[in-house]
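Quick setup: the structure tokens below cover two forms of a single protein chain, split into structure 1 and structure 2.
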Structure 1
Amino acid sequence: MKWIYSTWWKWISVVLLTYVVACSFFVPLGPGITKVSPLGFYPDSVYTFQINTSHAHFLSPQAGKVQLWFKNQNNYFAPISFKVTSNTTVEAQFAVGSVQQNNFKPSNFDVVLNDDLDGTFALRDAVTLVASATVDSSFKALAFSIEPEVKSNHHKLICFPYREILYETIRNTFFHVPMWFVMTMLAFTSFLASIRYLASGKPEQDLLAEQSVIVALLFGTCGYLTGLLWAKYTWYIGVSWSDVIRKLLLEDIKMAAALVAMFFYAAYLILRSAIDDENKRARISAVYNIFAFVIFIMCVFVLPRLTDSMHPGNGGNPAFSKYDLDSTLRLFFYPAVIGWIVLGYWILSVLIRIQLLSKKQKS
């Protein structure tokens, strides 16, 4: 185990994590519609809609022609009039004729915007047409379906995908997700060390197995606590903290299974402290550790994919890679994963050195 005494590889973590933490916050979110008002309208007059967006560039010289449509199912409708009021806000007038009010089912309209710089972005079911019981034939304006023409659907910006509900929390991909990668890597290291211990009987392999589990639990705890915060403001806005924890454990199998997996590793440490004889402790805990790793993989990677879970990539949900069309997330995600993993091994190496020192002193 010479690697614990060398320094160069620790710099990988320093460089990569500094890059991720410092630079990822300078990358803005992509353009998105935050608010359309009013939310509903009637087929009785022309309505003026105020559309607020974030991170759009309507007044930029590269934006070119800004266009807007109201979309119902697969049909696009042009507004009666449309104007850009600021770099991020637009105003559109739209009306649906009384005679055509029953053509829209469901009667929700998406608002779709496009310009050359921001590409196409939309708010799903932004406005709702409330049909009246009787047809008012005095109101003659009609919404016409058109074929939209755009230069490009894709934006020309360096940005993270704008997702409703997630918004800026998409940045947690670089912090919450790698925690579990580190835990998995360290659990795997521990698993290998336990197998090697059983094969060779070298006490340093036992030491490696034990200390890996301690660091794995540290990163597991980080992953769990960060996950709690992220989950509360994504899935349970307005739900009290005690309800969030109860609901998550019941409703999201991955949360419950990860907790079980962490308890299995905590039990490994308790098992170790319960046996006094050194050889016996090492052998029994090595066998236990091999089973604990299998259970960990089952709990975190297999079980959530079999049943329903709210986590992306589980229970039939799309993973984040589906949203990341231009791979800006990947630019930070892969360095973050490597950086955090190296940091995990760094902490592990310090722990092992302390243990080796204390053994040396005892003998």
Structure 2
Amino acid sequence: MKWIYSTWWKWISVVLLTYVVACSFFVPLGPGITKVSPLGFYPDSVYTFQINTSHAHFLSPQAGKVQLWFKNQNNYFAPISFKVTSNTTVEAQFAVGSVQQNNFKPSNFDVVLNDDLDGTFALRDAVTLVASATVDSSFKALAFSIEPEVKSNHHKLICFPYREILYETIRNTFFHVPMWFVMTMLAFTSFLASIRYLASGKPEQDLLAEQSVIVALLFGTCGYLTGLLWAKYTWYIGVSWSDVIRKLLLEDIKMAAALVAMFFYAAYLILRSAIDDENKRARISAVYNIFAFVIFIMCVFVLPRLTDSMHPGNGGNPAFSKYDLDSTLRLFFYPAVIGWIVLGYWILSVLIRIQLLSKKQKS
């Protein structure tokens, strides 16, 4: 175990986590639509919509031409008139004739904005067309489907993506998600150490397996707590903490299964403390640890994909990497994963050194 005395790899954790933590709080969110007023409109009347955005740059010379569309299903409709009123607000007039109201089912319209600097961003189901019982064929301000022409759909900014529901909490991506990466790596390390102990009988492998589980549970607990906080302020705003925990355990299979996996590893530590004979304890716990790792993989990676879950990439939800990571997030997410993993092994090396020194003093 000479690797635990090396220091160069520990500096990697310090540099990466300093970079991630500092930048995660200073990089702003990207442009997004915060409010559209009014929320509904009737056919055969021209409505003026006020669109408020955040972190947009409509008046910047680099923004170029600012464009707006009302989108229904896969069809884009241009407003009757459109003007930029400030850096973050625009005003648009739009109308639908009652003769064509049956063409819009569902009757919700997305509001889509584009400029050369901010790229394309939208608010889903921003306004709703309320159907009229009568038809006025004389109304001429009808909406016509067009083909949008834009230079680029991607923004030219250093910013985190503006995701509905998440908003500023998207920064938790660099803390919550890597915790489970670290736990998985340490659980795998413990799994390999247990196999090696059964093959060689070397006590240091049993020590590595035990301490890896301890650190894995530490990061698993951190991952679970940051997940509870994230769920509280995104999925369950205004819900009491007791109801949040109950809902997560009953409604989100990934949270429930992860808790079960952590209980199995906690039982591993309890099992070790219940056996006095060192050799017997090492053999029994090694066998148990191998099965615990298989259960961990089933709980965290297999079961959540077999049923519904609010987590991305599970139960029919889009995969995390495909929809939720953009080029800016990747600049910080991957270093965060590496930095936290290295920190996990750093903590593991400290615990192993403590145990080795303790045994040396006793002998």
Partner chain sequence: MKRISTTTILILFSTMLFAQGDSGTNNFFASNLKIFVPVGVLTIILLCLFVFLFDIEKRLKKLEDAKN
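Definition used throughout: the rigid core is the maximal C-alpha set that superposes within 1.5 Å between two forms. The structure presented is a predicted model; accordingly, all values stated were derived computationally and were not measured. Residue numbering: structure 1 sequence, from 1.
| query | Of structures 1 and 2, which is the form predicted in complex with the partner chain? | reply | Here the form predicted in complex with the partner chain corresponds to structure 1.
| task | Could you tell me which of F219, V213, L129, Y162 sits at the hinge, given that one rigid part rotates relative to another between structures 1 and 2? | result | Of all listed residues, the hinge one is Y162.
| message | Need one number: degrees of rotation of the smaller rigid part relative to the larger between structures 1 and 2. | response | So the smaller rigid part is rotated by 11 degrees.
| message | Rigid core superposed: how many angstrom does the CA of S98 shift between structures 1 and 2? | response | Superposing on the rigid core gives a C-alpha shift of 6.2 Å for S98.
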